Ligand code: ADP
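Just the one chain here, laid out as structure tokens, in the form predicted alone.
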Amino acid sequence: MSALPSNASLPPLAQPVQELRGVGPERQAQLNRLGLFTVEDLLLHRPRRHEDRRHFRTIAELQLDEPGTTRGKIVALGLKRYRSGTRSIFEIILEDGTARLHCRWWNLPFMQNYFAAGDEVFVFGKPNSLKPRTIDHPETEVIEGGEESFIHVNRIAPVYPLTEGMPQRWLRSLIWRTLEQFGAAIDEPWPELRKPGVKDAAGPAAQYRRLPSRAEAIRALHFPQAMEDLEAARRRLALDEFLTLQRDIQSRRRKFEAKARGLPCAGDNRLMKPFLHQLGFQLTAAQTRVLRELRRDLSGAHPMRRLLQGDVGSGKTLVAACSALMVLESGYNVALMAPTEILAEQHFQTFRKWFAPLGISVELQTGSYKSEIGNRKSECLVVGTHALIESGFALERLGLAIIDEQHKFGVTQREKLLRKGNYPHLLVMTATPIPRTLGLTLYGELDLSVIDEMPPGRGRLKTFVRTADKLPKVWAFVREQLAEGRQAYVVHPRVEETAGGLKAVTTEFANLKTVLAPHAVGLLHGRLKSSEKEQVMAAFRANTIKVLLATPLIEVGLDVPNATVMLIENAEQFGLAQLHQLRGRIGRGAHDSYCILVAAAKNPESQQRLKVLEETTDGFRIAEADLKLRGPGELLGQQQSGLPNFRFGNLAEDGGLVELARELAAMTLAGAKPS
């Protein structure tokens, strides 16, 4: 084994890549572009795939539109230019004794610099023709002899993500040498978990020990002995990622509880009893159970930190109102933050209607409307948008911060609201059901409550997927519903028309008024002034506007029980969770409701995806499907979510590993005193 690099002040795996043999300034810049700055970064550079170079298809065995790996010798090559040199095609022809293969690259003339007649070449790709056998833009690698050829042939070889100017063989050789040089320096991050324990024969640590060591996993990640070694290596490295995150989450929670004392906010029921009496209906069993959990937290030794999940229409707002009353009874103020002015204003109207008879002041704080709150003597509830976290807003004796539609806010915004008080209680709510795996990762420091029951007395909600050519029948159905006195939402993905051919509310408004005449149609989108938005919404609530044509900004917060139709055009443009949210605007009254998803007929995959919404109204099933289809970054918004970029973990598939990491994190932190 060669000597370690000379930068002895750093641990071996923290050595910069430029210290490695063969890495000059140009190669260093290329590695840096791939996000590889240290030896550890390089060793964790995950291959895009592996090729079993012990077993090849002959060229004659390649099948149309099936990916395959083959090899052959270049017997001809050439570059042809078209149209005064503005277009070109470079082609090599390979032969292996069974057939010939044409490999072509369009408008990449520099490819001629990488090949010479007589070269042996690996090729990976999908043949798009068999007469002659042709692959356009395949992955290729020239087979060279020499002492390191054993790294590239007659083995399972890694194929890495590259950057311009970096050959696959060079990177593979560099990683091989780096493994040889630094393999012994790969330590176990939690050695205590690798020690056998009699009591732990089937417990979390035993599951951890059954996985490869970290050093074994990293070697198998690059150069496995068998294809089945790859998944075990990935699982071990994914578990390390999840465990690091869970330790951080649990450590933060421990430190928080060590220094923060909970405000006594359980209340005395002097407001709660008359409030529940004036509702005129019973809470569901799920709402009652969740309220018991909240009261326990509000009277606990530490500030409440709780996530409330409930499907659209399950009654989260009512639970939030009851928790606010407990805090108000205890002599503290409450702030409720919503992501949009429309939702904030609706909450303001709802809470004012509920709380005014109890003598409680409800104030509104948005970008376009500011209440004069000042130093109020009596307790109050302030409903607002991001305006609540601006430096100019202050609220004395803040006992509870409620955040609605939490996924629309970033972690930083949540912390800004909490800093308006002295460790107030926190309740975050979401109607976007979060798969458990994602919840443990994203909201691991929060306790979880779920309202898993819908209020009685609601009509059935039916969903239909239709293609655009069925629109005439769809509009006829909408007119029937309007004639019966119902109301409808029509959602388009854009405010203004774009090159993609997607429908836009501003261009479709006049057409819709004609199609649905004589029923009044209103227009709602984010570019309207706040006063205009409120005017349209008030008319829709009052049933003077029968149809609301809107962008997806209505996905949260609107509650108009008489609206029984939700028609969404270009539905294939939306995620399943967002469509489920939009669908949640209907089905809130006693009448049956209908959600119609209109999608492009030419895309069978989109049609199949939307069928999930036809089959179920269970938001958690839909969220799980959305997570698998789009991934967590798309589902929640990577920037807002605060999710780390996992190299190896897959939140859509690794639920068991996340659960295991949570248990292991608690074990490693047990007995540790918060610092």
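Note that residue numbering begins at 1 and tracks the sequence as displayed. Note that this is a predicted model, so its numbers are computed, not measured.
The form predicted together with the named molecule exists for this protein as well; it is not shown, and the discussion that follows is about that form.
Among R236, R253, R588, K408, the residue placing a heavy atom within 4.5 Å of the named molecule in the predicted complex is R588. Taking a 4.5 Å heavy atom cutoff to the named molecule in the predicted complex, the contact residue among E180, D136, D559, E445 is D559. Note that among 379-387, 153-161, 313-321, 296-304, the stretch whose heavy atoms approach the named molecule to within 4.5 Å in the predicted complex is 313-321. In the predicted complex, the named molecule stays beyond 4.5 Å of every heavy atom belonging to Y82.
Although the partner is absent here, P455 sits close enough that one of its heavy atoms falls within 4.5 Å of the named molecule in the predicted complex. The closest non-hydrogen atom of S368 lies beyond 4.5 Å of the named molecule in the predicted complex. Interface residue remark: Q282 is counted as part of the site for the named molecule in the predicted complex, having a heavy atom within 4.5 Å. Along 161-187, no residue reaches a heavy atom to within 4.5 Å of the named molecule in the predicted complex.
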